[in-house]
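To begin, one chain is listed below as structure tokens, in the form predicted on its own.
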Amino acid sequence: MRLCRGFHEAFSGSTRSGHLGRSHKTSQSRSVRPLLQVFELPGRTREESGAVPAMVGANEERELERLEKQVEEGGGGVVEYLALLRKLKQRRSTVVATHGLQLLNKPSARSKLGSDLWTVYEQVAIACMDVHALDAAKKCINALDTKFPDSMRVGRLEGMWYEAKGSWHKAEKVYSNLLTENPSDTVLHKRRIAMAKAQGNMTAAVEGLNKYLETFMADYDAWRELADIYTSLLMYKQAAFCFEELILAHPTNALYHLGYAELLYTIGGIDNLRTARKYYSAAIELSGGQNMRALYGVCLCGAAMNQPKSRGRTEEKESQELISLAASVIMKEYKEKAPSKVGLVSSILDKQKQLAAA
């Protein structure tokens, strides 16, 4: 707690610096990241698609690992495992596809699922698309279609199946027809954006997200997705605007402060570096002093701001004090968790201190 107060006192008002204005608000900025899961592409695992998994507690993670091991060893518990995955919004597609199909292929096991049967069919269908077992996925979708004809939810699965198959035109046709019936279906809009990304058409993805956010401005996963796309296109100012929206909505989220600080550091310039340092400090404070990326960021900003003509003695003293504070925390963490790297880290931090004091 003392560490956090130190960063807060060094740069008070770091989350209210006045930099959250609308200076980057352009026609392009009103564009749109799972849960970013909806932006994932069928036929790819969560790790491959770069999606961020839902937050899972330590106890839940242990229970999930225990059930997965039990299932893999043939000890049963498949139904409980699938239910826990749904609750935690996890995929584990390979395991789900393998053992979920085995479950559904046994009439006696299906009969015990009760009302969860169709939820399991949907879960297994998505898992099969992730691992590109398209024939098995199609059987699951057909079973759902037979039970729920003309269902929007089943229609989305059909579109995702065409996506996984690479039949973009057919998938687009399915989504367009469904949107005609329900223009406010956010999942369908996001699936179209995912298709544009899958085809490498980032311009269409940005335009789609811009249009989407004109209607669904409170979708903060979409703002994060847009920030990621802008960053990949090297459009850092537009990406920074997206993070400003995220920080305004979630001022206590350390990751948003960190992302914004990294963008400002990348853009460069003495003013942006000063602001980046404030947001790195805010990320440190909000994370209880445990965010290593933000701690390194403070050191990097201090070194990059080595412009004597642009700073006074007071600022220089504050910069050196903050760098020393951040460096001491970094060294403490490495001594406790990675002592073999202490020498390397020490030399890097010493270099940053020298640049800041030059």
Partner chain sequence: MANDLVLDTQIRDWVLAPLSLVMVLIGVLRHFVSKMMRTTPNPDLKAVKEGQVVLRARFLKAGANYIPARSFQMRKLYYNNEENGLLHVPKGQGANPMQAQMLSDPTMAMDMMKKNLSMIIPQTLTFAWVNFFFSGFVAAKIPFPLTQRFRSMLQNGIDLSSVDVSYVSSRSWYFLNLFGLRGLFSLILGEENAIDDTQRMMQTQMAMQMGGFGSDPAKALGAEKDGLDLVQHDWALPKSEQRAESVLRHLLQT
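Residue numbers count along the first chain shown, from 1. The structure presented is a predicted model; accordingly, all values stated were derived computationally and were not measured.
Note that the form predicted in complex with the partner chain isn't included here; everything after this is about it.
Could you tell me which stretch in 156-164, 87-95, 215-223, 115-123 has residues with non-hydrogen atoms within 4.5 Å of the partner chain in the predicted complex? Looking at the other structure, the answer is 215-223.
Are all three of Gly76, Tyr175 and Arg191 close to the partner chain in the predicted complex, meaning a heavy atom of each within 4.5 Å? No, the whole trio is out of contact, none within 4.5 Å by any heavy atom.
Listed residue that, although the partner chain is not shown, lies within 4.5 Å of it in the predicted complex (heavy atoms), from Leu103, Ile247, Ala136, Ala143: Only one listed residue qualifies here, and that residue is Ile247.
Does at least one non-hydrogen atom of Tyr230 fall within 4.5 angstroms of the partner chain in the predicted complex? Flag for Tyr230 set to no.
Determine whether any heavy atom of Tyr260 comes within 4.5 Å of a heavy atom of the partner chain in the predicted complex, and answer yes or no. Contact with the partner chain, yes.
Even though the partner isn't displayed, in the predicted complex is Asp150 close enough to the partner chain, meaning a heavy atom within 4.5 Å? Answer no; every heavy atom of Asp150 is more than 4.5 Å from the partner chain in the predicted complex.
Is Gly288 close enough to touch the partner chain in the predicted complex, meaning at least one heavy atom pair within 4.5 Å? It does: once the partner chain is placed as it appears in the predicted complex, Gly288 has a heavy atom within 4.5 Å of it.
Could you list which residues of 162-200 come within 4.5 Å of the partner chain in the predicted complex, counting heavy atoms only? Stretch hits, in order: Glu181, Asn182, Pro183, Ser184.
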